[in-house]
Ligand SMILES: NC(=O)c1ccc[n+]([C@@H]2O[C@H](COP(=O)([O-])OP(=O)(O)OC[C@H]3O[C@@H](n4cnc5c(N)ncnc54)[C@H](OP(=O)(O)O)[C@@H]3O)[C@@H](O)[C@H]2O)c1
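One chain comes next, on its own, written as C-alpha cells: the form predicted on its own.
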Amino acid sequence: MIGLGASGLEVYELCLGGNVFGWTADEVTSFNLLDAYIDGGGNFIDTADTYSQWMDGHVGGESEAIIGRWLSRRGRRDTIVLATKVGKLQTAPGLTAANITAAAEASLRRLQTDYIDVYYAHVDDPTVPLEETLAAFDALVAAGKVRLVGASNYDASRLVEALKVARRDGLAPYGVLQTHYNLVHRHEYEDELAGVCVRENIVCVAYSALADGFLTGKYRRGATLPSSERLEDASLYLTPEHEPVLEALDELAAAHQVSVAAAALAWLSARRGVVPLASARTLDQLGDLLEFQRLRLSAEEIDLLDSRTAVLADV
C-alpha cells in the first residue's frame, strides 16, 4: 500500500480506471470487474464526471452512476478510496467555484456516497484564478465532502504556483497529481513534474499506464491488429523505434511468467511515489494487470527497460 501524502489515505499499488464503465464495459461487466479488483487486493478506483460523454446518447456521469450502484450493492464504502474529477464535462466545464461546488454535489449523488476521497481538477483552467479554484476545493474539504484534492494534467509551473497559493492562503493543497506517464511517454513527467512531486511529497497517479494498450503487447508492427476502441491511439507507437521496448518486456514477462502488461506496470510501480492507473474491459484483461503484484523488477531489469525507452520522444 502507498500513502497519499499526509492525508492518511493508503491505496493499492494499482489504481483501477473507471473510464470504460458504461462505455466498452456494460454494467454487469463493470460490476464483475470491480468485484474482481477488490477481491484481488485493490481499493483505489478512479472515474470522472466526463465518463462517458463521448458516446452517442451519453451526457457524462455514466461511469460514476455505475460505480454508485455497485457501491450501494456492495456496501463497505470505508474500504474504498474513490477518486473522481471536475472541469471537463461539456455541460459544465471549468474550475470556477460555482462549477466545482455544483459538480461535486452531482458526483456525490451519482456515486451514492457522502464523500469523495480524492477530487481532482481534471485539467488546468487558466481563465479562473487559482485562489478561487483552491478556495472552492478547500470548502469541500472543510465540509467533509472531499478528503484530498488533486491536480490532473497540470504542468510543473502551474502545480508549483497552486501549491504556493494554497500555503499563502491556508487552503487545502493539491496532494496528488494525475498525469500521462508510461514506459514510452516519460519526459512529460520526468523532466520537471517528478522533481516537484518528490519535493512536495505528492504521489503521481500515472494514467495511460499501458500506452493505450501498446504496452500489453497485443499491438505489433506487421501483425493482424485486433479491433479495439484504443487501436487508433495505440497505433502511434507502432514504429521501429518502439519495437525494442516490447522485445524487452517480452523477455521479462517470459522470465517471470507474467503478462507483458504486468511487466510494464511493474516498471511504473518501481518509480518513486508513482501509482499506475489502468483499466480493463474483461476479467481476463484485469487478471493480466493484477499479475504485476508478484513481480518486483531487479535493478538490472529496470536498467534494461530504461535503456530502451529513455531516448524516445513522447508520443
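Here the structure is a predicted model, which is why all the values come from computation and not from measurement. Start at 1 and count along the sequence shown; that's the residue number.
Another form exists, predicted in complex with the ligand; not displayed. Remarks below refer to it.
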Among Gly17, Gly213 and Leu277, does every residue place a heavy atom within 4.5 Å of the ligand in the predicted bound form?
yes
The stretch from 125-133, 238-246, 196-204, 149-157 that lies within 4.5 Å of the ligand in the predicted bound form, judged by heavy atoms, is 149-157
Heavy atom within 4.5 Å of the ligand in the predicted bound form, from candidates Arg69, Arg281, Arg271, His256, belongs to Arg281
Partner-free chain; cross-checking the ligand in the predicted bound form, the single residue of Leu34, Leu289, Leu252, Ala266 with a heavy atom within 4.5 Å is Leu289
Considering non-hydrogen atoms and a 4.5 Å limit, does the ligand approach Lys85 in the predicted bound form? yes
Q.
Can you tell me whether Gln285 touches the ligand? I mean in the predicted bound form, with a 4.5 angstroms heavy atom cut-off.
A. yes
Contact with the ligand in the predicted bound form for Asp49, defined as at least one heavy atom pair within 4.5 Å: yes or no? no
Q.
Can you tell me whether Lys145 touches the ligand? I mean in the predicted bound form, with a 4.5 angstroms heavy atom cut-off.
A. no
